[in-house]
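Before any questions on how it binds or moves, here is one chain, the form predicted on its own, in structure tokens.
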Amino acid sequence: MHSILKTSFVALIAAGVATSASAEAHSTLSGTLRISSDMSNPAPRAVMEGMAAEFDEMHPDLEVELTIVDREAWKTQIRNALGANPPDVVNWYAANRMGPYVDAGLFADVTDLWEEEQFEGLASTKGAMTIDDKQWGVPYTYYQWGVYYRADIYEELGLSEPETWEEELANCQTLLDNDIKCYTIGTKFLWTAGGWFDYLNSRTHGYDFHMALARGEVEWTDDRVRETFANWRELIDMGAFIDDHQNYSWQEALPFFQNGEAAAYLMGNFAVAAFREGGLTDEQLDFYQFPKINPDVDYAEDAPTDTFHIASGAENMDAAREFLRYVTSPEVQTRINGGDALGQLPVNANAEIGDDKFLEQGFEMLSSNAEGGIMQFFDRDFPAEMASVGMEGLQEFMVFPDNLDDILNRLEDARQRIYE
């Protein structure tokens, strides 16, 4: 194996990262395991190199060859890489993002792995790894979305975390009565509007309906879709969102939250670092799960999930399958998602997380209270072209809600063209 991987393994051990107990198990794997990864940023790269080195060390007769590709470049290279002479294992994403490679027969069916006891800990993401009732890969990390809010403002106004849509609207009205916007948001780059639609649609009609819409199986002019937008319009008509949000990126919308002009932000956990860097303390910040709208619908959550897959043309299938077992184990998922590594959430419910209240809340929510399913986010769940057109329409609706009929007709025209 490449010396850089051996060096990384030694560095991890020196840093106090213990080899998992399975490293001592008798290994019958041999030959070469070829892994292509898009974990190219510094912290993920160190994690990937460490895993490859450790797996190599665990199996003396196996040589692990790791190739790391730039994350953006991999998005255009993966199809060719999976063609002739493919690697055994590759990185990718869950749900519809893996669909084209499943449909093309480029990812191997690993349904039988998911029937093993260890994989019960991954139950929250099983739906996101399933196409045609089969599983096509495994998750190794994800992060939660939810409502981050100014706990100090809520306390001052006597508000509590809402559990129902009625409570959400009541809180919002109290904030507005005190000249505080309910939510900050920046929709200049569109995707943040997609997050609001994900939650409003899934809370109104459930995960299965939302994913059917993402697959092009539901018309955008369907009355159920209109109901989702009607719920959204309640907030828009109240004046719940900051003004001129279409002119701000998500980062440019942060000051409204930081200075108390807006009380909450629907956002991914990656924003916590920016909140803290902007001067907010953990005593001022808190987090709640987006409340229920339809009480008969289970919670579904946005939790973008990164994955490993076996190429259908893998030469060392035995080693590839064992690597998937390794990377989904609680011990490995605990280690690679730690604050000194990826700083995200392990998917395995039996893993442990670092000492961070937002990671702790997110892990509890996704492991124990996301029975509806795990969404991958609008621009991952919908095909790229539909996501682009769709998010343009969502942003337009937030600014010009009276345009809804025109927007839905355009999105329906796009659906019929894109999914044909």
Partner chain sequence: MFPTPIAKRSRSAQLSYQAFLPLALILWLLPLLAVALFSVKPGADFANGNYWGIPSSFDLFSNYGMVFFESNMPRYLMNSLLITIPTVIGAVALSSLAGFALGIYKFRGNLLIFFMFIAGNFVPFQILMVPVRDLTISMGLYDSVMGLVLFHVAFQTGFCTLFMRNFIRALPYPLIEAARVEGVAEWRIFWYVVLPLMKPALAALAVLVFTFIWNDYFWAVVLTQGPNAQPVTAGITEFNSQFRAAYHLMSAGSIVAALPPVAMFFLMQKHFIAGLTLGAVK
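Note that the structure is a prediction, hence the values are computed from the model and not measured. Positions refer to the first chain, counted from 1.
What follows is about the form predicted together with the partner chain, which we do not show.
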Looking at 226, 71, 233, 215 here, can you tell me which has any non-hydrogen atom within 4.5 angstroms of the partner chain in the predicted bound form? 71
The one residue among 115, 277, 166, 243 placing a heavy atom within 4.5 Å of the partner chain in the predicted bound form is 277
Even though the partner isn't displayed, in the predicted bound form is residue 42 close enough to the partner chain, meaning a heavy atom within 4.5 Å? yes
Residue-level contact is defined here as any heavy atom of the residue lying within 4.5 Å of the partner chain in the predicted bound form; does residue 344 satisfy this criterion? yes
Is residue 350 part of the interface with the partner chain in the predicted bound form - any heavy atom within 4.5 Å? no
Touches the partner chain in the predicted bound form: residue 254 (any heavy atom, 4.5 Å): yes
Tell me the stretch among 130-138, 245-253, 286-294, 328-336 that has any heavy atom within 4.5 angstroms of the partner chain in the predicted bound form. 245-253
Is every one of 143, 259 and 270 within 4.5 Å of the partner chain in the predicted bound form, counting heavy atoms? yes
